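Next up: just one chain, as structure tokens, the form predicted alone.
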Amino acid sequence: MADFETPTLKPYPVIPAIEIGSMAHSQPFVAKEDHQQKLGFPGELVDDWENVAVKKLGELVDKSRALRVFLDSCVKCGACTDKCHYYLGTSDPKNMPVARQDLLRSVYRRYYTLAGKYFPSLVGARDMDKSVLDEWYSYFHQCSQCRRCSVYCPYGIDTAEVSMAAREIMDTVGVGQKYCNEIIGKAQTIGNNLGLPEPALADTLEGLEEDIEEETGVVVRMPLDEEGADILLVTPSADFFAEPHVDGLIGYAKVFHQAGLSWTLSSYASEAANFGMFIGSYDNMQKLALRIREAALELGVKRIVFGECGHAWRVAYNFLNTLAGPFDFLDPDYPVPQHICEVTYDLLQRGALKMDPSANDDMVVTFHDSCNIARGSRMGDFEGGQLVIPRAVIKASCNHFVDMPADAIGEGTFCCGGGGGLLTDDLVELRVKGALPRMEALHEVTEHHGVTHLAAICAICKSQFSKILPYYGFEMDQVVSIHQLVSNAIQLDGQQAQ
């Protein structure tokens, strides 16, 4: 049983009264020496770590003009104070974005501003010491880097960039987070976050092929390491084994099959997710991105398509060409990269897929806009495509769709509560409380519109909801993949009657 109290769902959003220090105890497990060293970081707190941290902070603000502007420009207007799902769910004032930023800003001011050097107490400047480091480790792991606060900030200050910087500094002095750093190490050495070797991956895909044939009577292949395929599919490794993720993978395969598209997965780059972004390490982001480039070259593909994963798509959309480009060896008629929803949407627009939305008539579906897609990337060739395209695919796949309240979707969407490298049981209290705003929006459409299922486009969101929904009185299997809905509705040539 949980040793904390699940927040009560309310009929309308309530800004909580502050409870100072209510989440000060919340910290993820610290990375072991091996986890750190694999990523090029020291294995334990280094000697003279205070000066090392201050020096690294200086390097980061010198390298990133944006980070320096974010640290210099806050006027404490309060526009962000009630925008963070973790503050709304925990009541801890240090989970207000402005207060969380100030944990780093106070050190920046002490060492890198004139006023902070000579009049520190007047400008809220603090020396870098162990108490500051402990606060950083706690509260910068209570930020999912969802960027909702930046939408409402009149100066556009991006707390995600501040959190990423703080985490990189902590890694640099030898205090990293176990969950993220262990995963990055697996992806860099084996090719995916789960540490699945090629034989296990091949066996899993073979089993899924058998499942599809048994269900439909149609042979739908899930190719692995096939040279000369047109498309390299790079998808989150959760798609290979977990519900509802695997149902989405089945949906991708059915779409490619029915459209006659040649495709393959790669055992070398079998992971779309890139946790390097969560820890602010561009070096580690690049190592993972380069695996995708190398796989594309080795297999001789013409296109790279990403599966359903929010931060994977943000890294791909924003950074893939910079970190691993140029991709001038791919077909210039297609953008690099593409999202699977873009592929399916295009096929639907061209009438290349036959759908029977009544196959999902047992569901009334709503949709969770994942943060890194809604606020950190785009889809298609028109503004807002990342909001329109997933909904269009859902509506083509089911007859009963209802959006959640307007202030809880789109650019203002609430985080699932488990993003940003926080999807670990070390932080289950934070994850449950941080999910409160999304659960309230889901509860509203459940009560007033009979919604039965929550569709999501992100592996982390789906895993988070599967864990968190029961805390709020929902069922864990109410979360579905978008391409799970596609899989149910798509009509394959030669498919046996159900």
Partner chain sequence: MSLLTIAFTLLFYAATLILVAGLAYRIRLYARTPTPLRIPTTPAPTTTPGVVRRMFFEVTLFNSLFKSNKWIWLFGWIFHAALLFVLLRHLRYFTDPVWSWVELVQPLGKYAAFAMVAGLAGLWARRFLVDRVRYISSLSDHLMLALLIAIGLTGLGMQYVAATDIVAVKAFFLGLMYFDWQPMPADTMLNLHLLLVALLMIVFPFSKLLHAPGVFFSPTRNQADNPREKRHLPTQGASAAQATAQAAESR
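This structure is a prediction, so every number in the text was calculated from the model and none was measured. Residue numbers count along the first chain shown, from 1.
The protein also exists as the form predicted in complex with its partner chain; that form is not presented, and the subsequent description refers to it.
Colleague: Could you check which residue among Val61, Val30, Val445, Val52 gets a heavy atom within 4.5 Å of its partner chain in the predicted bound form?
Modeller: None of the others qualify; the residue that does is Val61.
Colleague: Would you mind picking the one in Gly351, Pro154, Pro199, Gly228 that has a heavy atom within 4.5 Å of its partner chain in the predicted bound form?
Modeller: Only one listed residue qualifies here, and that residue is Pro154.
Colleague: Each of Gly195, Glu210 and Pro236 near its partner chain in the predicted bound form, meaning some heavy atom within 4.5 Å?
Modeller: Judged in the predicted bound form, none of Gly195, Glu210 and Pro236 sits within 4.5 Å of its partner chain.
Colleague: Report yes if any heavy atom of Phe319 sits within 4.5 Å of a heavy atom of its partner chain in the predicted bound form; otherwise report no.
Modeller: Contact check for Phe319: yes, within 4.5 Å of its partner chain in the predicted bound form.
Colleague: Is Asp333 close enough to touch its partner chain in the predicted bound form, meaning at least one heavy atom pair within 4.5 Å?
Modeller: No.
Colleague: Is Gly384 part of the interface with its partner chain in the predicted bound form - any heavy atom within 4.5 Å?
Modeller: So Gly384 counts as contacting its partner chain.
Colleague: Indicate whether Ile18 is a 4.5 Å heavy atom neighbour of its partner chain in the predicted bound form.
Modeller: Ile18: yes, in contact with its partner chain in the predicted bound form.
Colleague: Within 4.5 angstroms, counting heavy atoms, which one of the listed stretches 356-364, 174-182, 282-290, 391-399 is next to its partner chain in the predicted bound form?
Modeller: The contacting stretch is 282-290.
Colleague: Does any residue in 333-358 get within 4.5 Å of its partner chain in the predicted bound form, counting heavy atoms only, and if so which ones?
Modeller: Counting only heavy atoms within 4.5 Å of its partner chain in the predicted bound form, the contacting residues of 333-358 are Pro335, Val336, Pro337, Gln338, Glu342.
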